[in-house]
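As a starting point, one isolated chain is supplied in structure tokens, in the form predicted on its own.
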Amino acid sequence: MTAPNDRRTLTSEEYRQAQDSAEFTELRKRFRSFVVPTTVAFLVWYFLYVLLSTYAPSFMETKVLGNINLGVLLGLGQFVTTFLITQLYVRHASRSMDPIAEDMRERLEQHEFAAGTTSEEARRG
């Protein structure tokens, strides 16, 4: 990581080169491969809960344990699902996205994108 005093402002061309790089394309692909299916699955789960609450109240009122009914358990399941998705995203990001992002950040700080070099070329010197 570059010391704050050693940094110079990046040009728009450097940002454009970074955005057009294969690394950034891969980063976006990995991000979308997690976010899109997870979002769709959660929205289906969420709307199922809403629809069941609206159109099947007798089903949701089914007693499970004492005064706890199925609606309460499914509602709490929404919170559990949210925390689970957060944990899965953090793990996914740290394993598959952060290394690429870290490499890109270092290359941006070294102004390697302006020269149009690849990360392999930059490592070889």
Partner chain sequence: MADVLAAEETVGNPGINIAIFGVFVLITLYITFRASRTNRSATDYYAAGRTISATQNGLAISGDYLSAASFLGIAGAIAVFGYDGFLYSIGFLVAWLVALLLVAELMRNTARFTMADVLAFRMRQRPVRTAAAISTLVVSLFYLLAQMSGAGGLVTLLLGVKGEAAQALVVILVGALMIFYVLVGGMRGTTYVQVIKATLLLAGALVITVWVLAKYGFNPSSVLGGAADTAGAKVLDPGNQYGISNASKLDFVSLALALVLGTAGLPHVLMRFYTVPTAKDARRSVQWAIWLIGIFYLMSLVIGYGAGALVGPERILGAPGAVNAAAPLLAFELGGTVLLGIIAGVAFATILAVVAGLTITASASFAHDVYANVIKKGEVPPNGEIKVARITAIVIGAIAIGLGILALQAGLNIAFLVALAFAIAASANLPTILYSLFWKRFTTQGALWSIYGGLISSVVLIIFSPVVSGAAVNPATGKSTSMIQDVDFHWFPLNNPGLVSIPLAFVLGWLGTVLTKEKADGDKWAELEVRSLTGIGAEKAVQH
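The structure presented is a predicted model; accordingly, all values stated were derived computationally and were not measured. Residue numbers count along the first chain shown, from 1.
Not on display, but discussed next: the form predicted together with the partner chain.
**Student:** In the predicted complex, does A18 have a heavy atom within 4.5 Å of the partner chain?
**Tutor:** Yes.
**Student:** Heavy atoms within 4.5 Å of the partner chain in the predicted complex: does T82 have any?
**Tutor:** Close contact exists here: in the predicted complex, T82 approaches the partner chain to within 4.5 Å, heavy atoms only.
**Student:** Wondering, does L108 line up within 4.5 Å of the partner chain in the predicted complex on heavy atoms?
**Tutor:** Result yes; L108 sits at the interface with the partner chain in the predicted complex.
**Student:** Report whether the minimum heavy atom distance between A114 and the partner chain in the predicted complex is within 4.5 Å.
**Tutor:** Heavy-atom contact with the partner chain at 4.5 Å: absent for A114.
**Student:** Even though the chain is shown alone, can you say which residues of 47-73 have a heavy atom within 4.5 Å of the partner chain in the predicted complex?
**Tutor:** Counting only heavy atoms within 4.5 Å of the partner chain in the predicted complex, the contacting residues of 47-73 are F47, Y49, V50, L51, S53, T54, Y55, P57, M60, E61, K63, L65, G66, N67, I68, N69, G71, V72.
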